[in-house]
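Here you get one chain, nothing else, as structure tokens; it is the form predicted alone.
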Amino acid sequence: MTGTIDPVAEQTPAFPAARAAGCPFDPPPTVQALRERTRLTRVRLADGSTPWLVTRYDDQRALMADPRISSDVTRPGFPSPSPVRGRPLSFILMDDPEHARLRRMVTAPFAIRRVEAMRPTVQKIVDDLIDEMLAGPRPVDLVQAFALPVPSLVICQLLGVPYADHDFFQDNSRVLINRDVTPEERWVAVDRLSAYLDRLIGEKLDHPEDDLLSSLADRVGKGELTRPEAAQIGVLMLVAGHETTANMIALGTLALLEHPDQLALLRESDDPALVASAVEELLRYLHITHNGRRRVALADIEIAGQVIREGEGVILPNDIANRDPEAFPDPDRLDIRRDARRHVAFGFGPHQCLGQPLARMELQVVYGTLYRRIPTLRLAARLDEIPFKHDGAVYGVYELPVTW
């Protein structure tokens, strides 16, 4: 069956009413209906191509782990949401062995033991920002006062990027993930960020410090990486390291405020296991990335009673997979006591998100601290007044007015 919808546009700029008409935390009804009707279906994208949309959780996990599926955005048939220019910006859009070679360059700082050693630093960042909010005027925009600074400060410290430059990299990051900008505007933002990271790599070559950019610079000096490769990795780490987590902090807070029973459970417990469970459930229940994971088949693949032919595109939207009732009973209900650890918010297989230990730790600190320190936190606007990011590949809210 060939559909006539773009599963991404259905969620973002072209069909804002799909969310406005229902819960802002749920996948659009049309896309959910597709999952109920079929496990695999063709959909038509804006460029006229008709990749396969995979709607079920088990099928998505199987394909993400299948070596016959490619992440290489330059391959013919790849269902790219925007035109490709030259070499991919980052290793997440490459296949092995190049993907594995570059990924290995940055795995060490995201190892669980290294990340856990950062927990006291993240706790201090969170506490300091809460202190500033409590001492300031009310209401306050939680996005600007808290949700955005927390991961930005953390990733700047890990990378060795001056936080004083946060306006620059946040502004350009927003261009990269905005679905309404032109390809030319996006490339300008890429070039600006690449030049910025290249300059920092050059500084680290001359004056190394204890940070990830210095480690990349050291590999450049040893001939293991080219300087453009190091800069591209830096761009990926910088953008991915703050955008998704910032949106999870704000959107997760809004979801909890709209589910006061769940917020009360979290606020009144000092059990780290419940906090960790709440993080996993919010990652399952919400869906920050809205492009759907894109792949192209390297060979014929039989799945769900269909054959995906070599060269055909595949879209794997994690939002509908994480709401699959066969994987998560009563999936549209937020339940922070649910065992949601098998969600696919971070993907699965060789391209599973490298930074997930850091994101989990940051969210645990935030969700385990904010509502206990400000127990009367509440919205300072109606839900229908909250500006949601319908125009972004990364979903969230532009502003979240709160008071207490």
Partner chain sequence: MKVTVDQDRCVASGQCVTAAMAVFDQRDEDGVVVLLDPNPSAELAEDVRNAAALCPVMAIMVEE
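Residue numbers count along the first chain shown, from 1. Small disclaimer: the values here were computed from a predicted structure and weren't measured.
Omitted from view is the form predicted in complex with its partner chain, to which the following refers.
query: Taking R61, R103 and A111 as the candidate spot, are all three within 4.5 angstroms of its partner chain in the model of the complex by heavy atoms?
result: Yes: each residue has a heavy atom within 4.5 Å of the partner.
task: With heavy atoms only and a cut-off of 4.5 Å, decide whether S49 touches its partner chain in the model of the complex.
output: Taking the distances in the model of the complex, the answer for S49 is no, it never comes within 4.5 Å of its partner chain.
- prompt: Taking heavy atoms only, is R341 within 4.5 angstroms of its partner chain in the model of the complex?
  reply: Answer yes; at least one heavy atom of R341 falls within 4.5 Å of its partner chain in the model of the complex.
task: Could you confirm whether A33 comes within 4.5 Å of its partner chain in the model of the complex, counting heavy atoms only?
output: It does not: once its partner chain is placed as it appears in the model of the complex, A33 has no heavy atom within 4.5 Å of it.
is_contact(Y371, its partner chain) in the model of the complex, heavy atom dist at most 4.5 Å: Residue-level check for Y371: no, no contact with its partner chain.
- prompt: Exactly one stretch in 373 to 381, 342 to 350, 23 to 31, 38 to 46 has heavy atoms within 4.5 Å of its partner chain in the model of the complex; which is it?
  reply: Comparing against its partner chain in the model of the complex, the contact stretch is 342 to 350.
field: Selected contact from T107, Q144, T226, T121, since only one has a non-hydrogen atom within 4.5 angstroms of its partner chain in the model of the complex
entry: If I apply the 4.5 Å criterion carefully, the residue I get is T107.
Neighbours of its partner chain in the model of the complex among 373 to 404 [non-hydrogen atom within 4.5 angstroms]: Not one residue comes within 4.5 Å of the partner.
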